[in-house]
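To begin, one chain is listed below as structure tokens, in the form predicted on its own.
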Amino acid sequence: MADPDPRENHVLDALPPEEAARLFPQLKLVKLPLGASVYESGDVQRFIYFPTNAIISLLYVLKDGASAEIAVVGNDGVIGVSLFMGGETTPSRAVVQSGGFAYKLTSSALKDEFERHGHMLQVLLRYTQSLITQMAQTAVCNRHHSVDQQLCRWLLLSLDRLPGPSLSMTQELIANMLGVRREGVTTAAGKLQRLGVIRYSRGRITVIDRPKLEELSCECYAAVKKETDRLLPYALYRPEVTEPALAI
């Protein structure tokens, strides 16, 4: 199979030709198998990752080993925002939720590009704002909404970052992501299957009625999507638009 195109990642696809020509030769393709750790809590991050067809969960892990997902990242963004936000490390860990590929770039190459104050800087800062929105909305959702609604939100966020309507994921892993009991996920998934919204078999979930899934989800998914759509389209490179127009 041919290697994925770097432009399958929306951040890389947003770069103007001169920045892409400078950065793409420095990218290295890496395989991200299901369950692999991209980084652990407290690690010094030396690379930024641009997923193409993989999904990575950002998890916060407690001392007793319990964990909960705080955000999900796919071809919409990057893994390693602490590199350009000045922290270098983070208390969260990043685990591959859906296997695939990503391109990685060294921290030194990223910082060199940031010093040019070009389009990459603008795109990544806008993406970071959308990521913060997702984290905040996830916290609210986990506190106030049912497991059924959380599962719907989680499925929709994941599907938005995949090329098709299916994802490979066990109910146990979903429970770990949501920070709930497996029995709760089993019950919620069973309801969705009986309603004809999803088909679940041998660790593979296929969404067959997305409009119904959106209807059953809480307001959190729509809030995150609205903010993401507001922020990121303006970051896309459009040579026919003048710079002042991009700031609208």
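Please read these numbers as outputs of a predicted model, since none were measured by experiment. Residues carry their position along the shown sequence, with the first being 1.
Heads up, the form predicted in complex with a further copy of the same chain isn't pictured, but that's what we're talking about next.
Although the partner is absent from the chain shown here, none of V30, A36 and N75 has a heavy atom within 4.5 Å of a further copy of the same chain in the predicted bound form. Between a further copy of the same chain and the residues L110, L178, L167, V96, the one pair within 4.5 Å by heavy atoms in the predicted bound form involves L178.
Shown alone here, Y221 lies farther than 4.5 Å from a further copy of the same chain in the predicted bound form, counting heavy atoms only.
Contact check for P163: every heavy atom lies farther than 4.5 Å from a further copy of the same chain in the predicted bound form.
Mapping the unseen interface onto this chain, A68 counts among the residues with a heavy atom inside 4.5 Å of a further copy of the same chain in the predicted bound form.
In the predicted bound form, a further copy of the same chain sits within 4.5 Å of a heavy atom belonging to E227.
From the list 22 to 30, 186 to 194, 55 to 63, 208 to 216, the contact stretch for a further copy of the same chain in the predicted bound form under a 4.5 Å heavy atom rule is 55 to 63. Contacts between 75 to 112 and a further copy of the same chain, taken as any heavy atom within 4.5 Å in the predicted bound form, involve S82, F84, M85, G86, G87, E88, T89, T90, P91.
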